[in-house]
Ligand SMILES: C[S@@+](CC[C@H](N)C(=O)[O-])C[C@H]1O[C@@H](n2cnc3c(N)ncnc32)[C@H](O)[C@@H]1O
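Before any questions on how it binds or moves, here is one chain, the form predicted on its own, in structure tokens.
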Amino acid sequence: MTNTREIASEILQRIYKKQHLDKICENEPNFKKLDQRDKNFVRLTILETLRRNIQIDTIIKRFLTKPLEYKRIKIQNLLRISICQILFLKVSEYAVVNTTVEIAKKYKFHKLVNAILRNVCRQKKQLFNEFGNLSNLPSWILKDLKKNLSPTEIKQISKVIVEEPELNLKIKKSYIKFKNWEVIMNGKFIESDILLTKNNGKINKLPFFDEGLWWVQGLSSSLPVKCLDNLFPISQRKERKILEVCAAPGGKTAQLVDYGFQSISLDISEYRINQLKTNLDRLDYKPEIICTDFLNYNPDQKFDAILLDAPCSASGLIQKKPEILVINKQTDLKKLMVEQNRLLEYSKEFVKKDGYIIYCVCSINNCEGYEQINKFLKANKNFSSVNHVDSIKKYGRILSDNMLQIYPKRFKFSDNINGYLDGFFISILKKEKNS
């Protein structure tokens, strides 16, 4: 199999079975045989198809007299990929229709495929007007957004999630002033150490990658450690003990080292720990790393702060990881909420008096954010939610009791710079007294 549309449809089929795009591409023989240009085209097609999956499926239903049987899923994925290329990627209609019809002949569905794609070509303008971006937000995300945002704000999110995301690079503090990073990376600083630039898909080809002078980290993801940066002066950091839970793949770990913290980074997954170590080796950072289940971890010390980046639905990353939109996370939410609560409850045992839990999730779902923290505070009267988010609250919205919720959106950093923000929730909990 060498045709990019057929390879893309096969990968898409596996994503709908809850496999992750990056892992599929690492192991898919047909994909690995492609040259780099075709690999980039396949990934672009898949990501765009996922971002617009509800739009595309609604269009397919428009032109079907009866639903495709489940066993015809290969045909459905071929149609998804092809409609995406015709409507949203502006690929030659002739090339898409002819190639897809030839592939469909193997399954004896070429007449149906031909009819649907030619209808799409003829009705492009009408389809654009009729099916908007808002339809791409699944109900399990849209329900929560409606609780906190206006219809206009929700519409803005739906518009942003179908865009190609930019790249955020975290520059090592010690190297910021010694190189003209904005010129070198063709980007702009949006925070003192975060550079916004375009993503060309070749991260390891960017300048100073091998030298380890920077790493990829979204601005929203960097904010919990920036909170710690404000809580503890540089002069105190050698004496302070920070425990980072669910640390892999290591962006926040690297940030903690870069900011001068003495930290222990912990994760349950051996695979993810190996990723973390590889990333830190490139940066020449060597913090203490432990591979274990935090709920079985019994340290002989208490910590000044615990940074808990809890497992979550990742609904705040729908632009970067659009497979989230087609995998029904609603079925997983209850399990995730139980795990989040267990991690929070276990964390409280290892925080010093006057110490902090920084709880964060890359989610825009209420049940994983402020509802989770409200539940914890009701059960633990010796903790309070404290206001240490003044320096970052401009990026999001204070929902209740100093909790910051950031939504996926375009943000104006200055008059001539705007960029994408991932959805993120951050709460700072202070232990006022021992229980």
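Values in this document were obtained by computation on a predicted structure and should not be read as measured data. Heads up: residue numbers just count along the shown sequence, starting at 1.
The following text describes the form predicted in complex with the named molecule, which does not appear among the structures shown.
Engineer: Give a yes or no on whether each residue among 10, 20 and 48 has a heavy atom within 4.5 Å of the named molecule in the model of the complex.
Structural biologist: Looking in the model of the complex, the three residues 10, 20 and 48 all stay beyond 4.5 Å of the named molecule (heavy atoms).
Engineer: Going by heavy atoms within 4.5 Å, which of 139-147, 248-256, 169-177, 102-110 lines up against the named molecule in the model of the complex?
Structural biologist: Result of the contact check: 248-256.
Engineer: Contact between residue 278 and the named molecule in the model of the complex at 4.5 Å, heavy atoms?
Structural biologist: Contact check for residue 278: no, nothing within 4.5 Å of the named molecule in the model of the complex.
Engineer: Would you please decide whether residue 269 lies within 4.5 angstroms of the named molecule in the model of the complex, comparing each non-hydrogen atom pair?
Structural biologist: Close contact exists here: in the model of the complex, residue 269 approaches the named molecule to within 4.5 Å, heavy atoms only.
Engineer: Hey, in the model of the complex, does residue 294 get a heavy atom within 4.5 angstroms of the named molecule?
Structural biologist: Because a heavy atom of residue 294 falls inside 4.5 Å of the named molecule in the model of the complex, the answer is yes.
Engineer: Is residue 287 close enough to the named molecule in the model of the complex to count, meaning some heavy atom within 4.5 Å?
Structural biologist: No - in the model of the complex, heavy atoms of residue 287 and the named molecule never come within 4.5 Å of each other.
Engineer: Going by heavy atom distances of 4.5 angstroms or less, which of 355, 187, 311, 260 would be at the interface with the named molecule in the model of the complex?
Structural biologist: Only one option qualifies, and that one is 311.
Engineer: Can you pick out, from 345, 164, 211, 339, the residue that has a heavy atom within 4.5 Å of the named molecule in the model of the complex?
Structural biologist: By the 4.5 Å heavy-atom cutoff, the listed residue in contact is 339.
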